[in-house]
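Heads up, the chain below is alone and in the form predicted alone; it's given as structure tokens.
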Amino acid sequence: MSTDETLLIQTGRLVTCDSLQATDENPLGASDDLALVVKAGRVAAIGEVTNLAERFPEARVIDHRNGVVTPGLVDAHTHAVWVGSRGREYALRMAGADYEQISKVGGGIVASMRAVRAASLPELTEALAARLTRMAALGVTAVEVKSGYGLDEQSERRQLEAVARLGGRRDLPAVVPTFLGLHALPPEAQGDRDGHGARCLQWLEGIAADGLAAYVDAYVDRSAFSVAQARPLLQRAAQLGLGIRIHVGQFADVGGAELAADLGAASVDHLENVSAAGAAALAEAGVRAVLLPVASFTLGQSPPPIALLREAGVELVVASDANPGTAPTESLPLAMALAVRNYGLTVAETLLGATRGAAASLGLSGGVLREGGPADLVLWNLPHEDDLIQPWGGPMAALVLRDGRPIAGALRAPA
């Protein structure tokens, strides 16, 4: 398939996720038997196939009348730039050890830190490229990628540099880099959380100056970092024009939601523990909640208070949390299936949370299919959007386009 040809895609069902097409009865803006035209990386038109064929006689016709088309999936929370293995740790966890116990004996984030510090920039880049390729095959067209496994300036920068090296690759999902220096304490910090926070603040200046991060994150939780320890770094990030994302309430509510609301964060992520006041503050500030059901499944945790978040009016996003320890997956579709099964989200909430809401939380224009918008889309070997949230355990995408270019799959035109 040429990367510059015009495509007319016939589909049995088109799910736009466009708020302009949505109604209370049809929140996904879905329609049967429509077609769309992809031209010059954009969605040039949506409508009846006969009309579009007349308007675009040069278009190559793709027959997908037995399947469904959606916007490309957007994974708004991953730790995808890592190397090494934590399989033994996973086995220990399954045998009864909890997250905090594993961390105390040198496992957890610090175990990944050792592997990342030992890895070269080419090794990190190669590992990330391979991971993004597999994510693309699952229908993902954009991925947020955090650092946080280096925990010293050189290694944190090396992780972000690996992301930057792939930023120009058109054959992979788009990447959005996040600096997560306040992820855990490295051994050399000797328990000094305030000192590590001060060092991260120093590293941030160079990272921002070199354009290596679009967002800054911090892990605000019990046994992680307090609101007081995280605030200076996040405030400085905002002053530097960077967005804010915060790990909040995975194990305890220590005020992270209120901090996020106060700072105008783009998202709070995890949120297994949050108060009614915290949820109200998030809603009032327009902060999205990024739900990570693979992590809570792995850790045997109760879901976040979804009813409370809905009632408060907090917009919900679903992400994979792809990481080597607590969410050892690269599958956003798996996270979507668990969001429905374990968190009780509806199909519409889940799809919007993995497309339009996720894209908006990252400042991206994708996540919807509308005329003039980016041609980031997936042709699924499934007849209806309800099928997307079943736990297939493998890729169900026939073709994945990013800016109108194929990044995964293949589909032949009619004979």
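A residue's number is simply how far along the shown sequence it sits, counting from 1. Bear in mind the structure is a predicted one, so any value in this text is a computation, not a measurement.
The same protein has a further form, the form predicted in complex with another copy of the chain, not shown here; the description that follows concerns it.
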item: Partner-proximal stretch of 53 to 61, 384 to 392, 36 to 44, 364 to 372 relative to another copy of the chain in the predicted bound form, 4.5 angstroms, heavy atom; value: 384 to 392
item: Heavy atom of each of R88, S331 and M396 within 4.5 Å of another copy of the chain in the predicted bound form; value: yes
item: is_contact(Q101, another copy of the chain) in the predicted bound form, heavy atom dist at most 4.5 Å; value: no
item: Exercise: R114 in contact with another copy of the chain in the predicted bound form, heavy atom 4.5 Å; value: no
item: is_contact(L121, another copy of the chain) in the predicted bound form, heavy atom dist at most 4.5 Å; value: no
item: 4.5 Å heavy atom contact, G195 to another copy of the chain in the predicted bound form; value: no
item: Contact residue in the predicted bound form, from M94, A238, A276, A252 (heavy atom within 4.5 Å of another copy of the chain); value: M94
item: Residue among T298, S155, Q229, T125 with a heavy atom within 4.5 Å of another copy of the chain in the predicted bound form; value: T298
